[in-house]
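Single chain ahead, written as structure tokens, the form predicted on its own.
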């Protein structure tokens, strides 16, 4: 489905998972169109259906701007599809020739036979699940953040024409709930949340009883505290057959983050040098890569090998 050169690693910008103002979100995507060296941009609301109306008026303009800049545009669905109108909207998007990223299995019937992407919120952990979604029409699978290197290798190897995408930068979404702890932490309920998640553009830190940051609360989702960073693992991932590499938007200089990963993928920058340049952009947030090595997710392993 992707028009990129078969030998060139695809760099993608995942959907914005935080609740930014419509203007901030629009300007972010305009900058992605004009300045970010990414091949694919995912748009759409994933975390909370209550946020969706805020950006609807800007979405057509953003999609046109991204397409005009030569980006592949993919519309990401909610991670929890609960209403018939939400399934209807997915079918309408597919009918409008938009590529859809399905983040809930409730989308699969509506997308049957249509080219689409399987998002990281649908658990594809084995060849059987991979082959099932490919038969349904998926041309790309974004693997869950918990997938270790051993599983990634099995799933990306011998995948045929099915493209494989892995998150290589950004906070890792660990769970989605029907309830909203972000609202509760502010003394509110989900129904009367007043959209307080918008007060924390990079999420709300959750700490242990000893005061250590351990998780990030973002609306109805729970994320890692640290940024998942797989700079040193890019070559290994490519050798496994991974075709696309995802950056998850954060409230930092994502243009420079994208340039560092693009240059590393293109062999213009060594991973160690890229990490040295990345650190000032992301401080004081720690890095994690434990899932990749089959270890505790919040750990950072210096054994930079698959």
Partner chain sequence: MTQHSLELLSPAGNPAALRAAIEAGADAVYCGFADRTNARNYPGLNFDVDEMVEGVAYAHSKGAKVLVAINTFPPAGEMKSWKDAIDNAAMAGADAVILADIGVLDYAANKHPNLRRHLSVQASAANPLSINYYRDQFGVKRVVLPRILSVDEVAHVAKETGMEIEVFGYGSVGPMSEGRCFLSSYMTGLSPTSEGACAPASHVTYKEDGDFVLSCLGDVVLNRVAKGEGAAYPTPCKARYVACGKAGYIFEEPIALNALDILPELKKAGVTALKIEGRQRSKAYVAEVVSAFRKALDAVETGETRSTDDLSELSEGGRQTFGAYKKGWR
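Numbering follows the first chain given and starts at 1. The shown structure was predicted, so the numbers you read here are calculated from the model rather than taken from an experiment. The term rigid core refers to the most C-alpha atoms you can superpose between the two forms while keeping them within 1.5 Å.
What comes next is about the form predicted in complex with its partner chain, which is not displayed.
Stretch-level contact analysis of 229 to 237, 197 to 205, 157 to 165, 68 to 76 against its partner chain in the predicted complex, using heavy atoms and a 4.5 Å limit, identifies 197 to 205. For the three residues 37, 256 and 276, a heavy atom within 4.5 Å of its partner chain turns up in the predicted complex in no case. Though the partner is left out of this view, residue 80 does reach within 4.5 Å of its partner chain in the predicted complex, counting heavy atoms only. Its partner chain in the predicted complex is approached by residue 121, whose closest heavy atom lies within 4.5 angstroms of it. Of the heavy atoms in residue 174, some are within 4.5 Å of its partner chain in the predicted complex.
Interface residue remark: residue 114 is not counted as part of the site for its partner chain in the predicted complex, having no heavy atom within 4.5 Å.
Annotation for 207 to 238: interface residues with its partner chain in the predicted complex are 207, 208, 209, 210, 214, 215, 217, 222, 224, 225, 226 [heavy atom within 4.5 Å].
Relative to the superposed core, residue 176 undergoes a C-alpha shift smaller than 2 Å between the shown form and the other one. Annotation: Cα of residue 95 displaced by at least 2 Å between the shown form and the other one, core superposition.
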